[in-house]
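Just the one chain here, the form predicted on its own, laid out as C-alpha cells.
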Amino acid sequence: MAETTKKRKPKPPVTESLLTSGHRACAGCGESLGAKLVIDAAGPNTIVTTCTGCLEVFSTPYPESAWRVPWIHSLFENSSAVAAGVEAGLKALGKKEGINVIAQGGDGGTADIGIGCLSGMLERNHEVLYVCYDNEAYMNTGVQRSGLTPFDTHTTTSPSGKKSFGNQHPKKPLLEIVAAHNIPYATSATVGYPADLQLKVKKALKEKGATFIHLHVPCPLGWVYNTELTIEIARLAVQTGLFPLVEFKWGKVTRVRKITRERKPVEEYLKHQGRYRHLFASEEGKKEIKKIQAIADANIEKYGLV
C-alpha cells in the first residue's frame, strides 16, 4: 500500500527585527532589548534620530549599522531638535503622512544635557515620539551619575564609602516634567513588560503631536548583576513601586499599572545589584534601605498603585 502523507501547515513567515543581531551591546543589555521592541513596534516606515551614548555606540560603529530604518546620529544634547527638523521637513515636502519620527536618548542625554532641546520640541508639539532609555547613569563613559540616578546608588562620581552611601540626590521626576508640557501622550514603560511597552509605542505614534516614553532599561555592567536577571530586575523595579508605570494625556494621569498582588519590598530589587551592595553591609546601611522603601511607598500612594 502506498503511504499517505499528511499535508503540513505552512510555516508563518519569519519576520526579521528592524534592529539586527550582531551589534556590540553587552550580554543582557536592557537598552538593546528596549530599542528592538520600540523599533519593531513602530515598523519600517520610521526615521530615527539617536544622540551620543551607549545605544549609538553599540548599534552603529562606523561603517556598520544594526538599524534597518533611516537613522541619524546627533550630538549628545539635540536628538529631539534634529527629529523636530526631520518632522518639519517631511511636512514641508508633503511627505509626513504614514512616516513615524522617533527621537532617542539615554538618561543623561535626555534629563540632563538634552532637556532644553527636548522641552522646545514638546512646547512646539512636533509630531515626534521621544524615547528616553533610562539605565540610570552615564554608562558609556564610565558609570557616572546622572539626574536619573536613584538615591544611594554607587557610581564612579557618587561613590559609596565612609562619608556617603552613594548618590544623595533624588531621581529627577522626568515623566512629570514632560507631562507638564501638556502634550497629547507621555508614559513610563519597561523592558520587563514587553507587550505593554509595544502597545504604548503604537499608542504614542497614533497621536498627532509630541509624545514621550520614559523607558526603564537595566544595565548589567553599571548595575552589577548577572546578565540573565535583566527581565526579573526590570519587573522588580515596578513591583516595588520604585518605577511606576503611568500614562498621561494632556498633563493628566489616565492609567496606572496596579501592583496590588505583585508588591514586593525594595530589598527584593536592591539585593541583586552590586551598586547597592554597600547598603547590606552595616546597620547604618540598612537604615538607608528604609529611606528607599519610603520613596517607593510615596510613589505607590501618589499614583494609587495598590
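Residue positions are given as counts along the sequence shown, with the first one as 1. Keep in mind the model is a prediction, meaning the values are calculated, not measured.
Another form exists, predicted in complex with a small molecule; not displayed. Remarks below refer to it.
Within this chain, N100 is remote from the site of the small molecule in the predicted complex, having no heavy atom within 4.5 Å. N135 belongs to the set of residues with a heavy atom inside 4.5 Å of the small molecule in the predicted complex.
For C54, a non-hydrogen atom is located within 4.5 Å of the small molecule in the predicted complex, even though that partner is not displayed. Using a 4.5 Å cutoff between non-hydrogen atoms, F76 counts as a contact of the small molecule in the predicted complex. Annotated contact segment (heavy atom within 4.5 Å of the small molecule in the predicted complex): 136-144, selected among 91-99, 163-171, 226-234, 136-144.
Put simply, of A179, V82, I113, L205 only one has a heavy atom within 4.5 Å of the small molecule in the predicted complex, and it is I113.
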